[in-house]
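One chain comes next, on its own, written out as structure tokens in the form predicted alone.
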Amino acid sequence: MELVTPEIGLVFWTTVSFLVLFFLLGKFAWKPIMGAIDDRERSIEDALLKAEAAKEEMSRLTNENEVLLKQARAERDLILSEAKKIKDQIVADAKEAAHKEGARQIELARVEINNQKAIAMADVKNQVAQLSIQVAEKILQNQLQDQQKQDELVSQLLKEVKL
């Protein structure tokens, strides 16, 4: 039972030792320990605030990036649609120009064909006229070899041409 019941002297000196230790710790160690704990607490709070600010900044930057990305996509779509319109317009203009040039070439060819046709017809008419004159000369030469036939022809022509 001696082990369970302490003696009064042991309790007194243990209490005195504890109070002296408590006083010494309070006087010399407690303030620096509490200061270090306070500093650590403040640095943790600052780190948390900075982390929260960084998180907000990242969120803001992410939102800005999304907005910029949407704007870039919209601009890209606009540029592509404008490029398609310009391409379609260029193709339509080229088709129209080719059609006009083709029509102009066809018209020039038609005019040239008509000119060549007119020249050919005039040439044929000249040849027919020359052949007709040659035939008429030969016929007249054959008919006018005789003096009597000449007189008959002259009188017949005079009857036809009455003034």
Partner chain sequence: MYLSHILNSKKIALSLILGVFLTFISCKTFAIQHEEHAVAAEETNTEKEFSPSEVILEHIADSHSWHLWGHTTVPLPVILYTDQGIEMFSSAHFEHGHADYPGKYYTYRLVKDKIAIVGPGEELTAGANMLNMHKKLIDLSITKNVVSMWISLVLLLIIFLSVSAAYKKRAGKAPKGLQSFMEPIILFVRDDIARPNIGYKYQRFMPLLLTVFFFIWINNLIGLVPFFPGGSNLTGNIAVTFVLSVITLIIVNVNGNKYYWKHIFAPDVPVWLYPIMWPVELVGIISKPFALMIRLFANITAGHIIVLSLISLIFVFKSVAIAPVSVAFVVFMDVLELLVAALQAFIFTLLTALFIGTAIEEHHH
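Numbering follows the first chain given and starts at 1. Not measured: the values here are computed from a predicted model.
Not on display, but discussed next: the form predicted together with its partner chain.
Residue 15 is the only one of 142, 155, 15, 147 with a heavy atom lying within 4.5 Å of its partner chain in the model of the complex. Site annotation in the model of the complex: the residue of 97, 121, 36, 61 reaching within 4.5 Å of its partner chain with a heavy atom is 36. Proximity of residue 57 to its partner chain in the model of the complex falls outside the 4.5 Å heavy atom cutoff.
Although the partner is absent from this view, residue 160 stays clear of its partner chain in the model of the complex, with no non-hydrogen atom inside 4.5 angstroms. At a distance threshold of 4.5 angstroms between non-hydrogen atoms, residue 101 is out of contact with its partner chain in the model of the complex. Contact check for residue 70: no non-hydrogen atom falls within 4.5 Å of its partner chain in the model of the complex. Only one segment in the set 126-134, 113-121, 25-33, 47-55 has any non-hydrogen atom within 4.5 angstroms of its partner chain in the model of the complex, and it is 25-33.
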